[in-house]
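Here's a solo chain for you in structure tokens, the form predicted on its own.
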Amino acid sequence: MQVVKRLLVKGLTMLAVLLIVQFLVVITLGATGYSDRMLEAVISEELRAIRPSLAETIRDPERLEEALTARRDELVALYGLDRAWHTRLPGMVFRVFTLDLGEAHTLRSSSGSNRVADIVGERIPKSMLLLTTSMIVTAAIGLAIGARLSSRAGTVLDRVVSSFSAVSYALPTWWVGILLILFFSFRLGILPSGGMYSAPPPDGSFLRFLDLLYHALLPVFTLVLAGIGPYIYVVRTISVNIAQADHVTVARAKGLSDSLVSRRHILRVAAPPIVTGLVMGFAGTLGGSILVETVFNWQGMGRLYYEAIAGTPDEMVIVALTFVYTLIYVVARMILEVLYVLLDPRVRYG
């Protein structure tokens, strides 16, 4: 009962976080005037597109301008620019919370749909492929090296890996991506510089999947290279502190092997904070994936966010993506709370 109450309180707290983030998005888009300028740009693009077709049927310049003005008034009313931002944007956020994501003004899905749900829905699996793969690789390497270093604190290897961790933490993902493209794509010519498929893509679903993995190598390597150092250091630091505990000393006195001591007596105790770093790092990687996906032209959520802001902005997509990113963070936090219950008996009985 105590655990259920704890999880319920955490769930309500995360819901409040979701509300606050969406509130800040409304303030940022509305109070700064960005939303109005965004919609004005959309209306101008639509008027510019229809002007040639109207000019073919309306020869009189004055009548042409009158028709364009009438069309502009219709678009202003359609997009709500005749109302103040604080009366227009809250309704949009409410629709997003009810998963009624509406329609995008400028962006389209690969099938041509302008529904935001379709646009975001086709991008999520592509981003998850990068993020989950990089997370698994980072976790496997970080746990193996970090736990091993905990029993070799102060050695040359420990100092080298610690220095690498500091460098890795300071590396901007976009800069790492550009360097990898220059080296592996342009100098060696062994990996593609961007995109998700070759041109033209191979025939057959299996060959297309292999081609997708081939194009994902550099983006995944970029995310791993930028995130592996801090994770190794976190695992190493936590493990070093636990390795000095009495129960570890007793285990070693019994003659247990280093691998068994690391696995059963160090990593098992260090699991909650290590899992916290891994899951929250996964949620935090979403911000870095915006830059990585843009550099590698990977058609995921990060690239979609860039497209929704750059060029002709699309406020509905921006609000929807912010909601999705925040929702992923909230889900990650709730997964952590459940994992705490499973990994740490003190949570169950505290």
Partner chain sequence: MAERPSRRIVKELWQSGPGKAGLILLALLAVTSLVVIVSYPRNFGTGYWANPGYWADNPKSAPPAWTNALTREKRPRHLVIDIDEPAVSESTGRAFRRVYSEKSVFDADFPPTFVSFSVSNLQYSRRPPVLTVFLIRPDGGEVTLARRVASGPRQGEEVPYVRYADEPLRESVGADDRVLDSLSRIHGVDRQSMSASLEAALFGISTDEGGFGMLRGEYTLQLEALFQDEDDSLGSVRFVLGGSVYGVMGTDALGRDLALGLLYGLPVALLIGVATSTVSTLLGMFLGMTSGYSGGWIDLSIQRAADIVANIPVLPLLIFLVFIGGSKLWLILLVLVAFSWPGLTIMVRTMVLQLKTGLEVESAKALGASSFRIVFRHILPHAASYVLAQLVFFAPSAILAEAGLSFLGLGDPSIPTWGQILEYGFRTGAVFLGYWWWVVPPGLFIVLTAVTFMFLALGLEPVVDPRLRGRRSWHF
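By rigid core we mean the largest C-alpha set that fits within 1.5 Å across both forms. It should be emphasised that the depicted structure is a prediction, and the values quoted were computed from it without experimental measurement. Positions refer to the first chain, counted from 1.
This next part talks about the form predicted in complex with its partner chain, which is not shown.
**Student:** Under a 4.5 angstroms heavy atom criterion, identify the one residue in Leu182, Leu191, Leu210, Ile124 near its partner chain in the predicted bound form.
**Tutor:** Partner contact (heavy atom, 4.5 Å) among the options: Leu182.
**Student:** Would you mind picking the one in Gly102, Pro172, Pro201, Pro90 that has a heavy atom within 4.5 Å of its partner chain in the predicted bound form?
**Tutor:** Partner contact (heavy atom, 4.5 Å) among the options: Pro172.
**Student:** Three residues, Val21, Thr294 and Tyr325; all within 4.5 Å of its partner chain in the predicted bound form via heavy atoms?
**Tutor:** All of them do, each having a heavy atom within 4.5 Å of the partner.
**Student:** Please tell me whether any heavy atom belonging to Val25 falls inside 4.5 Å of a heavy atom of its partner chain, as the geometry stands in the predicted bound form.
**Tutor:** It does: once its partner chain is placed as it appears in the predicted bound form, Val25 has a heavy atom within 4.5 Å of it.
**Student:** Check whether Leu54 has any heavy atom within 4.5 Å of a heavy atom of its partner chain in the predicted bound form, and answer yes or no.
**Tutor:** No, Leu54 is distant from the partner.
**Student:** Does its partner chain come within 4.5 Å of any heavy atom of Ala16 in the predicted bound form?
**Tutor:** Contact check for Ala16: yes, within 4.5 Å of its partner chain in the predicted bound form.
**Student:** Does at least one non-hydrogen atom of Phe221 fall within 4.5 angstroms of its partner chain in the predicted bound form?
**Tutor:** Result no; Phe221 lies far from its partner chain in the predicted bound form.
**Student:** Could you tell me which of 126-134, 109-117, 79-87, 173-181 sits within 4.5 Å of its partner chain in the predicted bound form, going by non-hydrogen atoms?
**Tutor:** Correct option: 173-181.
**Student:** Output the sequence-ordered list of residues from 232-260 with at least one heavy atom within 4.5 Å of its partner chain in the predicted bound form.
**Tutor:** Residue within 4.5 Å: Tyr233, and no other.
**Student:** Note yes or no: does the Cα of Thr28 move by 2 Å or more between the shown form and the other one after the core is superposed?
**Tutor:** After core superposition, the C-alpha of Thr28 moves 2 Å or more between the shown form and the other one.
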